Structure formats: structure tokens, C-alpha cells
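Let us start with two forms of the same protein chain, each given on its own as C-alpha cells and named structure 1 and structure 2.
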Structure 1
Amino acid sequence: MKFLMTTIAGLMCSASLAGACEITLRSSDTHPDGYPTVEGVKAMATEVKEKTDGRICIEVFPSSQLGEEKDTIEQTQFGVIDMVRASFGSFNDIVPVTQLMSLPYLFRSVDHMHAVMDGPIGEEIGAGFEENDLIALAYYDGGSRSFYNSQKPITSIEDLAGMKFRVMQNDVFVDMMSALGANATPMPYGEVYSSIQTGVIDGAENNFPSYDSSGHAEVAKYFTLDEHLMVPELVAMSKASWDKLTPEDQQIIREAARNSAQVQRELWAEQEKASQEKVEAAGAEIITEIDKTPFIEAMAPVYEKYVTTPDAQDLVKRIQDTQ
């Protein structure tokens, strides 16, 4: 009975708080509750509620409750949804400059990516979203993708020669594998485990949490930490919803979003570390001693093919020059 009364009191308190909200913003995420991106937006919601004395509330809808990424981005553009967290890859058709973020080895490290996205270049890229009825609030960490395989440790570009790797259905990734001397095999993610197990492919590429949760570490125990792809994630707000706020409230939301990026990045780093420790304990071999320079130099034809305009070439150079 005591538990029941406590629960009822908690629900009444929650209802009371919810009732105090003058503005409720709905935010969408495809990831499940507890995932770093979801918890990041929740941290933002907490800060916004505190700094507005409960006037503005952000309600987070995880697990694709409001739709898949591309659908919810469109709904956010139209103001049907107030906020969305999505990968840069899902914005490629809307804000073309985001396509450059999928170039292999564009970022030297996670710290380099953060320095780029948190600086003037991130502000410049964000302006492109506003032209498409979205306000870029904060850049989250989507992790880095590396190669793993069932055959041997990969320590040099020569080790990749002739190997077959599953990649996403994307021309850039197919061309990346070709430039590295390997063979790209696009296939659905769900088929990767059995395809490695039966020798249809030698391996695939992804981040530590996916390598762990998918069970791929069981059939492909050699993980080479080359970090060839780091694609930022974005928390964006509908311009229609944004324009209804006072400048003071806009500043509160923007500041809370940027603070939430630090929370999300820390949570993601913890999740990566936990997944790495788990796969290592199960027998996976993590190869960290690798000279990335030949891998990066091999991307010259890929960049030549996809970075074709002077503006794009200038942006890539400025990203690479960022310290």
C-alpha cells in the first residue's frame, strides 16, 4: 500500500509539473530509451525546464515513436514535430554540405571532429539548415566506424588487398574499399553475421557498440581501429517552433543544447569503452598500432570524384587544417 501511495503521489507530482508547462516541445529520436542521444536530449530538457522555471518543457519520444529519421526530419521542417535528433547522413538530400561529412578519413580523430563541429565551421554548416526551415542546435557524437574481419589482423593497407567487406549501400563507401584494394559487398545489416560465418564476406565495418551488440565479434575477432568514418549527429529544431520563442528563450535552448552535447559525448565514450572491454574479454583482438597515412593517401581518387566544387574543396581543406 505504501508503494502504491508513493507511486500515485509521484504521478500526481509529474502531472502537476506537466501542467505548469506553458510550452511543450516534442523531440523525436529513433534510438531506444537510455541510448546516449536520447539521454543527451533529456539532459537538455532538464536544463531548459530549470532555467525557464518550468515554462518550457521538452518531451522526448525515443524508439521511432514519431517515425523514422527521414520522416521526422520532414515533420520537423513543417513544424509538426518541434525537434529531432538525426544522423548527418539523413540530411544529405536537404543540406548537401552534410554529404562531405561521409568522406573517409575526413576527421583525424574524435577530438578533431569535435573541434571542427564546435567551431566556426560548425556554425557555417548550421546556417545551411536554417535555409531549410531547421535550426541546428548541437552536434552529437555518432561514433567512429572501423574494419573488422574473420581472417587476420589488419595493420597495413596491403593487408586489405582482395578482402571482401560488407559496406552500406553508398557509392562513397564502395569507392573507398576499391581505393584500399578491397572488395565492397553491399548487403542488409541483418545478413552480415551469417555471411561472415559462411565465408561469403571476410568482414564488415562499424563502431564498437554495434560490433558488440550484433554479435559480429563472435565470428570476426580481428578489429582494426582505423576510424575511417565519423559522421556527426544533429539536434535540430523546427524554425517555425523556434520563431515563436522570445530571444531570451532561444538563447536558453541553444545553450542547453550545446551543454547536452557534452553529456551525450561522455555517455557515448562510456558505451564505446564498455563494448570494447566486453569484446576483448570474449577474445576479440583490437589492433591499434596502425599507420593511417597510407590509408588517407589512398583516398585521393575518392576525394577527386566527390569533392568537385571550389566551395567543397575549400571546406574540406579548412576541416583538415583545423587543429
Structure 2
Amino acid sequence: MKFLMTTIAGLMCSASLAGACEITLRSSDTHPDGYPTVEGVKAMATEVKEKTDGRICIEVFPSSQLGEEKDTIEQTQFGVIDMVRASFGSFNDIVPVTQLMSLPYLFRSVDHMHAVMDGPIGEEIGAGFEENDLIALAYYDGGSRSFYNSQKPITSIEDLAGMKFRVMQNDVFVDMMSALGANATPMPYGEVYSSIQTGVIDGAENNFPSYDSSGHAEVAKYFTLDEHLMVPELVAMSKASWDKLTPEDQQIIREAARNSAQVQRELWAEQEKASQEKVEAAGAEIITEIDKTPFIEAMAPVYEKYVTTPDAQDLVKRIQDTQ
């Protein structure tokens, strides 16, 4: 008992030395603890805590504890949640320009995506979130997304005909599936595992770390590396929470978020490799020999539907021209 009292007194003392949290920002993520995006925001939290002498704390809620991605984005807009880390795909209905940024085969490679997002285009797009009550803080890596399913190895576009795939809840991805001759079933991430298991859908599409950590690899063992999507991922803050901060604290948060993107990208590169190895060892069949040309060509109607205004055409061209 005495030991316990001394320990508690010691803890209280060190807490007051470090400074108690005056502001606690709640941050949501769909992924579990240990996933690169969760660890990225935790690294940001450590830096913010240090630089504010413990005044500002960021508490990360992993595994969709605060809700599925689209709902948590809306809650962040309203200031119910302070921060969210989510894919651009989930922002499509809220921040229109993210639709263009989610177009299939828009980015040639992950390096191309980084060059675009880390340059003036990324700045411009980030600034656009503000009119939707969100502050874009940092772009994280989500690698490339490919199809996986429980039925058969897919080696060509023809193999997709009539199959049912879960996509994120947005129109671009539904249209992408139709253009490929398949059927899209939009649904939240958290419902995908059981939907594959019970045969409601044949499969889904994602990157290796998600395919692995969600357990989808257990129920859909055929993975085709067609890399149809490279979608930026974002750490965003509620404008309502942001506006309550002093300009100095805003600066600390912005910088810590940017620095955390470097941490996240390094963790991402390691996790991508580790997850691929893990799912392969567990029996997933990875089809790497795939001609992407027919997939890319099939996307013409999707581009025609979404890249309509001169501004949209200009943005897509600037992205394509970025080296």
C-alpha cells in the first residue's frame, strides 16, 4: 500500500512537471494500433506534446472506435471529433476536388503521387478543404490498391466480368467498377470481412497492409496486383477545433503533422513489404503478371464523366505533367 501511494505521488508529480493536458484533441483512424497511419499520428502527438510542454495532447482512437471513416469525417467537420486520418476516397462527397484525385490510374507511381502532393498542387488542394470546415494537415501514404477475391485468380480484365467487389462509398469507384465490367457494392470498411465470408461480395480492393491487417486475406486469397488506384491519405483537423488554437499552437501542429508524414511513409514502406510477405506465407496467391493496359484504357468513360470543366481538365493535365 505504501509503495502504491508513493508511486501515485511520484506519477502525479511527474505529470505536473510535464504539464497537464490543457487541450486534448481526439483523432480517429479506421486502422488498428501499430498500423503506419495510427503510428504516424502518434508520432505527431509526441512532437506536439513536447513542443507545447504537455499543454496539447492528441489522443488517437484506432480501429474505428469513433465510427466508420465517412461518419468520422462528418463528425470532424462539425467539431465532434477534432482530427481524422482517412483516405481521399472517403472525402469525395464532402470535398469535390478529392474526386479528381481519386481517379484510377491518375498517378503513375507512388513517387509521382508524392511529387504532386508535396508540391504546389498538394498545397492548393489542401487549402480547398477549409471551405468544408476541415484543415488539411499532412498527406500520408496509402500505396496502391489492387483487387482481391475469394473465387479465382484474376489475370485479365475479362475475368472481372460480373463479379461483385466492395468499393469505398463514392461514385468514382462505383463507376470504375462498371467500366471494368464488374459490379460495385459500396460499403464501410468494417463490413467487408463478413461480406466476403458470407458471399455477399466476391472481393474488395486495397493495399497490402489493409488486406493483411483487416484479415481480408484470410477470406479472399486471390490478389491481383493491377494497382488501379493510388489515393492520397490525409490527416485533417476540424476547423472548429483549429480556430480555438493560438497561431503559435497552429504552427506547432502543422509542423508536427508534416514531420509525422515522413515517419508514416517510412513505416509504410516497411509494412507494405512485411504484409505482402505475411499474406503470401499464409497462402494468399499474388498475381503479379498482369497487363495493365486494358485496365487503363477501360477508364476512359470515367475520366469523361468526371473531368468535365476546364479547371478539372487543367488540374488533371498538371498532375500528369508533374515529374
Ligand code: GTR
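The term rigid core refers to the most C-alpha atoms you can superpose between the two forms while keeping them within 1.5 Å. Structure 1 provides the reference sequence; residues are numbered from 1 along it. What you are looking at is a predicted structure, and each value in this text was computed from that prediction instead of being measured.
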### Message
Of these two forms of the chain, identify the one that is the form predicted on its own.
### Response
1
### Task
Would you tell me if R85 moves between structures 1 and 2 by 2 Å or more at its C-alpha, with the rigid core held superposed?
no
### Post core alignment: A312 C-alpha displaced by 2 Å or more between structures 1 and 2
no
### Message
Checking D141 here: with the core superposed, does its CA move 2 Å or more between structures 1 and 2?
### Response
no
### Message
Could you tell me the distance the CA of P209 travels between structures 1 and 2 after a rigid core superposition, in angstrom?
### Response
3.3
